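Next up is one chain by itself, shown in structure tokens, the form predicted alone.
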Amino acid sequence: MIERLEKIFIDEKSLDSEVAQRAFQLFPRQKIEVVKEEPWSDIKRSLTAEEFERSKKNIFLTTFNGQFFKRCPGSTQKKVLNCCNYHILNLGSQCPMNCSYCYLQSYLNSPISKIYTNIDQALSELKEMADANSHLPFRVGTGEIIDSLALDPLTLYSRKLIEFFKQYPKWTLEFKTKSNLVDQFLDLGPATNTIVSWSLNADYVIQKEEHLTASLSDRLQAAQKCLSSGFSVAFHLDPLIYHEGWKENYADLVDRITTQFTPSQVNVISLGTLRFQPEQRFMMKKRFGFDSLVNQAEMFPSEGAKLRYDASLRNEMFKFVYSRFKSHSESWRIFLCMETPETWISTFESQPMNKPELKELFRPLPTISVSE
């Protein structure tokens, strides 16, 4: 993954950081430039498709001056969406992979990928929160605006985080990825409160829409490696994308998962369908054309100001995939991501708090001072 980067810009204030020193070891000197300010910082508007493409191929190593630790965006929409008490630790932004549906196309306005070099500050912030709430079952993920592991061979942040979370056994760390880059931390296992999770899709969708990502086989093989080394694993079938033959393709995906893993080996499985902000449509059409499945879909204004499939189609897709898992075993632990109470009722005939296997995920946590 890191071989695809065209240029590594290093903020002169971050030259002494471990990440910067590692960059000098990994990349030829002509690929590295030390700078005093962020490249292309004069761009103060929405990015063009070409600028967004460029932002994926160039990276800026710099410090972050904001708050690293915050609640998942879903927590701000509890009136319309069921929230699973997820928290986020952002250690960078942008992704070198190139999925057609990626929400960063409407979310990010930075002209360059970023890795934050002051991880010690992030860990200090996290420690303050963990020391005060070590008895609570916090779930913390690093994959909100950057793939958790795509650039980890450069940063090795996974190693620092795994060691940190070992000190707080009731807290859970989750890496979320579409890569197969796990070898750099396997020696730190067992670490059962570290979940390595994969966003999975049907083979057809991966090949057509998830550009520059690891294949389905490689992702599942990486999950087997993590299990063998004493880590937990999870799978996120999100977004399910409607297309001709979707039932056969998603049935094959479910069957491959259930053939290679047992319910007791997989922490949780989440399901979500295609959704995006209205302003993202232009960028997707410009970058991927009308041949892309995401640009062929009929979408409707829905919860969270996003465009989604019609509720009846969402329900059909959720029911199909859910039933396919349950046909193999009733023990699969499955929930819906960023969905309404009405959709839960339609799919599960129940709200999450009424399902014993999901109570711990959705039980409200005491109010604490974490940034929204």
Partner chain sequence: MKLKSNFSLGLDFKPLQSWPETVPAVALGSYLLCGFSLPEDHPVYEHPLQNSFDHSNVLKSLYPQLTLSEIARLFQTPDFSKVFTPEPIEKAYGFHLTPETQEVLSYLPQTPESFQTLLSQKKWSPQDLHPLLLLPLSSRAFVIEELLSHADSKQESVKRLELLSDLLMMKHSPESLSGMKLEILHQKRYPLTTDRDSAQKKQDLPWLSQIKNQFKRRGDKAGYEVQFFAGTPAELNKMAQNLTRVAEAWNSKS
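Numbering follows the first chain given and starts at 1. Remember, it's a predicted structure, so these values are computed and weren't measured experimentally.
The form predicted in complex with its partner chain exists for this protein as well; it is not shown, and the discussion that follows is about that form.
Shown alone here, residue 312 lies within 4.5 Å of its partner chain in the predicted complex, counting heavy atoms only.
Its partner chain is not drawn, but in the predicted complex it has a heavy atom within 4.5 Å of residue 297. Looking at residue 301, you'd find a heavy atom of it within 4.5 angstroms of its partner chain in the predicted complex. A residue is said to contact a partner when one of its heavy atoms sits within 4.5 Å of a partner heavy atom; residue 286 meets this definition for its partner chain in the predicted complex. A heavy atom within 4.5 Å of its partner chain in the predicted complex is found for exactly one of 33, 53, 38, 316: 316. Only one of 63, 327, 331, 48 lies close to its partner chain in the predicted complex, with a heavy atom inside 4.5 Å, and it is 48. Figure note: of the listed segments 93 to 101, 278 to 286, 118 to 126, 220 to 228, the one touching its partner chain in the predicted complex, with heavy atoms no more than 4.5 Å away, is 278 to 286. Interface residues of 225 to 252, taken as those with a heavy atom within 4.5 Å of its partner chain in the predicted complex (partner not displayed), are limited to 242.
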